[in-house]
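The data below hold one chain only, encoded as C-alpha cells and taken in the form predicted on its own.
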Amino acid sequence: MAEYEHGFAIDADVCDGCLACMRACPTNAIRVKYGTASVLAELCIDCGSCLTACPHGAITAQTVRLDDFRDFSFRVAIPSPVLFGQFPPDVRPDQVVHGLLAAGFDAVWDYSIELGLISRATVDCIRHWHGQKPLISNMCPVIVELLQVSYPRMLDQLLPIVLPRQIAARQIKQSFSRELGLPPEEIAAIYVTPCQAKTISILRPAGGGRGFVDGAVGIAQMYNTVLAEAQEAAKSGRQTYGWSPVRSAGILRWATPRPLAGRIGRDRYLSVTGLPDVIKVFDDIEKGRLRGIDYLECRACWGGCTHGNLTVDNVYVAAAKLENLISDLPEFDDGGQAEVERRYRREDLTPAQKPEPRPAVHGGDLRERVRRVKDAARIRERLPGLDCGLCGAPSCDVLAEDIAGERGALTDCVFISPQRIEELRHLHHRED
C-alpha cells in the first residue's frame, strides 16, 4: 500500500473519543475505536476539518520553522499574496519584505511574474481546451486530493499547468546560482504559506515526485517577528530595501476567491469556496447538472486562502485590507507584463506528472472491487441504518465498506454486539 504523509497529528493522550472529528471529515477518513481517533491515511485530504472540529485541542498542525532550513547556504522566501493582507493597514508591502529579511530570509522573490505566467497560461488553456468542461483549478491542494479520493473520473479536468510556486522556485535556483556561484541544491526556495495543505503538497505533490520548492513555513509562524520588524522600520525610517513585491493589483487578486475574474468571461467562470459547497458542485458535475461553465475556481477554505489554518487575521478583515490595497494599485505593471510575455514564449509550464486516483482507494483488479461492493451491500442490510457512529465509523454505509475491506467487524455495531455497549460504557463512564 502507498505511504501517505499528512500535516496533522492526533494526540492520543488528549483525545477522548468524542466523535466530533469523525463527523466533520468530508472523506470519511477518521475512525474512533477504543476511545481514540485515528486516520486512514489513504482517505485523508489534509483539509483540516478535524482540526477545527476537535473541542479538546487533540489535533494539531505539524508546522515547520525557518530554522529547519539552516543547512542551506541561501534562503529565499516566496510569499503567498495572502501574507500582505494579514498586517495592520499602515504596514506597507515593502515593509513586510523588510520584516521577512530581518526574520532570517536572505532574499524575497517577486512572485508576481510567475502568477502572471499562470494567468496567461490558464486563459490560453481554457480557450483551446477540447476536453470535458469545466476545467478545474489545481491551485488548492485539498481540492486536488478530494478529486483523487472521491471524484477520480474528474481528474482529467484538472488544469494541466504547473503551480506558480514551482516555477518561481526553479527560477530562484537558476538566478541565485548564477549570481552567487552556489550549487542550486544549496539555495532554499521556501514558500510562506497560508495553510498546512500547501506545506504537505510541497513535500508530497499529488502527482508524485518532488518539485523545486524545498519546503514551506506558515504565515502564523513568521507573523510576530515580521510585524515587529516592519513596524520598527516604519517608525525609525530605516531603509526597507527600497522595493515592493506588490506593484499591481494582479498579484493580490490571487489572494481572493476570483483571481481571474477580469480575464475570463464572468458568466462562464464559477468560484466556489468551502468544502461542503465544493462537494455539492462536484456532485452536480458528475450528474451532468452543471453546464455552460468553462472554468471552476475551488478553494477548500470558506472565503478562500485568507481563511487558511496558518493565517492570523480574521477572514473578513483580511479581505477588506486586500481590497484596499488592490484599489490603490494599477491593474497591470508594464515592466512585469513585458517580463511575463518574454518568459511565456520560452518556458515549459506543463507539470511533470498529473495526479492519479489514490491507488489504495481505487486500486485492485475489477473482480476484487466488485466483490467488495457486493459484500458491502449485503452487510449493509444487516445494519440498522441509524448512523450513530458508536461503531467508530461515521455511518452504517462506511462500516459496511470497512467490513467488506477487512478493517472492521459486524460486532463493532452496538445493535449487534452487546459487548460493544459494555466497552463504550467502560471507556466513557464518568463519576458524578
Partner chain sequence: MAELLLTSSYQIAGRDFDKGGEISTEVKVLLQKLEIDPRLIRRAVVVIFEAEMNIVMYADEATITFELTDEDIGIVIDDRGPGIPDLELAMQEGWSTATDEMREMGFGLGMGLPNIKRNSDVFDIRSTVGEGTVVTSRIFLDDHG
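Take the two forms, superpose them, and find the largest set of C-alpha atoms that agree within 1.5 Å; that set is the rigid core. Only a predicted model underlies this, so the values are computations on that prediction, with no experimental measurement involved. Positions refer to the first chain, counted from 1.
Keep in mind that the form predicted together with its partner chain is missing from the display, and what follows is about it.
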*So in the model of the complex, does Tyr151 come within 4.5 Å of its partner chain, heavy atom to heavy atom?*
yes
*Consider Asp124 of the chain shown here, and say whether it contacts its partner chain in the model of the complex, taking contact as heavy atoms within 4.5 Å.*
no
*Evaluate Asp334 for contact with its partner chain in the model of the complex, applying a 4.5 angstroms cut-off between non-hydrogen atoms, and reply yes or no.*
no
*Is there a heavy atom of Asp277 no more than 4.5 Å from a heavy atom of its partner chain in the model of the complex?*
no
*Interface residue in the model of the complex among Ile187, Cys140, Ile285, Val340, criterion: non-hydrogen atom within 4.5 angstroms of its partner chain*: Ile285
*With its partner chain left out of view, which of Arg289, Arg178, Arg268, Arg210 would have a heavy atom within 4.5 Å of it in the model of the complex?*
Arg289
_Given the stretches 76-84, 154-162, 343-351, 250-258, which is the single one in contact with its partner chain in the model of the complex, using a heavy atom cutoff of 4.5 Å?_
154-162
*Contacts with its partner chain in the model of the complex - residues in 113-136 whose heavy atoms fall within 4.5 Å*: Gln132
_Is_shifted Ala376 between this form and the one not shown (CA, 2 Å cut-off, rigid core)_ = yes
_Arg70 C-alpha relocation of at least 2 Å between this form and the one not shown, rigid core basis_ = no
